[in-house]
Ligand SMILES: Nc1ncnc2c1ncn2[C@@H]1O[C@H](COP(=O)(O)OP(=O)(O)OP(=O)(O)O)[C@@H](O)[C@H]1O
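The data below hold one chain only, encoded as structure tokens and taken in the form predicted on its own.
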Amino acid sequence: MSERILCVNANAAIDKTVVVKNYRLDEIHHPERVLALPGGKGCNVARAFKCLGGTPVVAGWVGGFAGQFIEAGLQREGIETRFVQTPFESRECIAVLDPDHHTLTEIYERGDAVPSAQVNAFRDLLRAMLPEFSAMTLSGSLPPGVPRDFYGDLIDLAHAANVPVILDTSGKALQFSIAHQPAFVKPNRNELQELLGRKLKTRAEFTNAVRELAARYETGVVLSLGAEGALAVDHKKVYHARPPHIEVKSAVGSGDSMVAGLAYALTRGRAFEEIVRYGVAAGAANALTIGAGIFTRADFERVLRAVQVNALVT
């Protein structure tokens, strides 16, 4: 069962990336390219995990014609799905990418509330299938109608099945789930500051905050720093993993690809330092291509060889 993970995609969507040169407000534009993919952060994680050579399964809620597009699209990509159906249309999210000005404008539909019956059905489904997997990822926001401590419930189920969890969410969902001790949590700078309730400015402040978070919740922490890589702590040492300089085409999905890299190394039994290296390399490889969670294994291997991981003295 190694290298087989369950990617929980709670807030499924059709992710549409529209490439528009010289994008300006209040004008008509004709896009250079439009790419529509099954979306939600869990889908992106699964796609990236498959690029690495692993076997992902995506689970969550979908509904309507949009839900059919999401499920069928994943299956065409060779990604297995186990969705609970809802009585409403899944949402659509639009990202307008301007390569001339290096801007990204994102518009996310909120989506309809998931009825309690479907919430309970998914919890039961996950409990039954968790023993099949060697890791689980929990990614993105929770849809309306889903309790804010729902990820915490899923982490508890994973503990019972001896399945490690990588958590990548924000706001109340992060606040109410991190105490359940996932194996790893992957916040970005804003999510970390919101969780701790204070502003952080210097690298030393972020480093101390990562150590504080790991100690308080007894979890591995990987703080995403975008192009600067990641700060990570495993209860003992703090590491800075830095990718090589690359020509970025689109950073959409790089955080999700980082989660996939972490999960891939975790399922292969790598040491903490190597787990972080894999995560940073996958995130950087994703930025070489337009499309969330899409990269070549050759690009990943090339970037992986160039990622520098250094232990910090604190």
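Values in this document were obtained by computation on a predicted structure and should not be read as measured data. Residues carry their position along the shown sequence, with the first being 1.
From this point on, the text means the form predicted together with the ligand, which you will not see here.
Listed range touching the ligand, judged in the predicted bound form by heavy atoms within 4.5 Å, from 62 to 70, 262 to 270, 283 to 291, 26 to 34: Of the options, only 283 to 291 has residues within 4.5 Å of the partner.
Partner proximity in the predicted bound form: K41 to the ligand, non-hydrogen atom cutoff 4.5 Å: Heavy-atom contact with the ligand at 4.5 Å: present for K41.
Exercise: G255 in contact with the ligand in the predicted bound form, heavy atom 4.5 Å: G255: contacts the ligand in the predicted bound form.
L225, heavy atom within 4.5 angstroms of the ligand in the predicted bound form: L225: contacts the ligand in the predicted bound form.
Exercise: P182 in contact with the ligand in the predicted bound form, heavy atom 4.5 Å: Contact check for P182: no, nothing within 4.5 Å of the ligand in the predicted bound form.
Every residue of L142, V146 and G152 near the ligand in the predicted bound form, heavy atom within 4.5 Å: Not one of the three qualifies.
Position in contact with the ligand when the complex is considered in the predicted bound form, options S170, N208, Q85, N188, heavy atoms within 4.5 Å: Spelling it out, the residue with a heavy atom inside the cut-off is N188.
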